[in-house]
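Next up: just one chain, as structure tokens, the form predicted on its own.
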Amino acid sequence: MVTEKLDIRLRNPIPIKDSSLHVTKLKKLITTIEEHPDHLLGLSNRHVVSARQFTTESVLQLIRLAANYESFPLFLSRPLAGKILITAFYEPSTRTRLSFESAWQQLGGDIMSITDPATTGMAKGESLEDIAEMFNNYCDVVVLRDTHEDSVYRMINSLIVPIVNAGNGIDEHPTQALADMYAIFRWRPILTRLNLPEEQKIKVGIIGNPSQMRTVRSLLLFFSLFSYMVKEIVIINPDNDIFSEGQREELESSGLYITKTGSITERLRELDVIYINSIAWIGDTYERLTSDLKLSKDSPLKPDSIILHPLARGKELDVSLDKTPHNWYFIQARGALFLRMALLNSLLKTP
């Protein structure tokens, strides 16, 4: 049986997907965003812990740089040669850790990776502040994922090298949300234009919990920087208490128009972008929230709408959507590599 399966693979080579449309969109994105690299200088040698640190222009310039990296990979220099990245992931991760490490390596740097706190001084009771002091001696940048919201902030007090927040409990995941924005602008480059006509603005549906899902929390903050392109954000969640104190007010003060529905089918036909997630890290483990809200190829989707998901997915996102044009979650995951390349290079670029 194994031999038969192998023979099938040998006789049926893996198909090469037609990427011409995506290449065209990338080139359009590059030409639509006017180059202003000075807006990235503010990231040089800075910690990246929250979406609140970014401006509309700095996000656009990161996206333009990411699109350049993705469009012209053969012409990359290796600006981080001789630099060392420590990835400290005290919580499970596939895409985030590997995309950060791949991004760093493609830029020429070297990596030291920690995937289990039990193998570090933390197992002996060493404080995060002391660990940060040691990191100063061994690397040029730290990427941290931790289940506790305050961990990244505690390390900042001791660090003299930049730290990037790769997810801190239920608080934020800013680089995931940047990758989400990159996917949206790749899909429709015209959304980068400030003077966007009303008919070009989009309706966004978010299936999740804004107060407990860090990806959703950071994404909404980035949408607040681009409220000019969003006609409406529809939060899809049957629960009533879904915002943390002051969260909705902060978002709406930026110009976002936010509504809510408890039904997943009620508004789907109107939505241009659907962002779905069900996992939230609460304490030392994860919980599935809103996993009873599901999308499949039979869902009443707008014909040209796209679906985004930070992954890993559960039953909320059916595999039947994988072969449809709605599937932008794999493109979203691929784009995270180039977005993180743009960010990491900007952190170490000298003003």
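In this text, residue numbers run from 1 along the sequence as written. As the structure is a prediction and not an experimental result, all values here were calculated from the model.
Keep in mind that the form predicted together with a small molecule is not shown, yet the notes after this line are about it.
In the predicted complex, none of the heavy atoms of His148 sits within 4.5 Å of a heavy atom of the small molecule. Though the partner is left out of this view, Thr96 does reach within 4.5 Å of the small molecule in the predicted complex, counting heavy atoms only. Within this chain, Pro238 is remote from the site of the small molecule in the predicted complex, having no heavy atom within 4.5 Å. In the predicted complex, the small molecule stays beyond 4.5 Å of every heavy atom belonging to Arg217.
Only one segment in the set 255-263, 86-94, 118-126, 182-190 has residues whose heavy atoms sit within 4.5 Å of the small molecule in the predicted complex; it is 86-94. Interface residue among Leu293, Val49, Leu26, Leu311 relative to the small molecule in the predicted complex, by the heavy atom within 4.5 Å criterion: Leu311.
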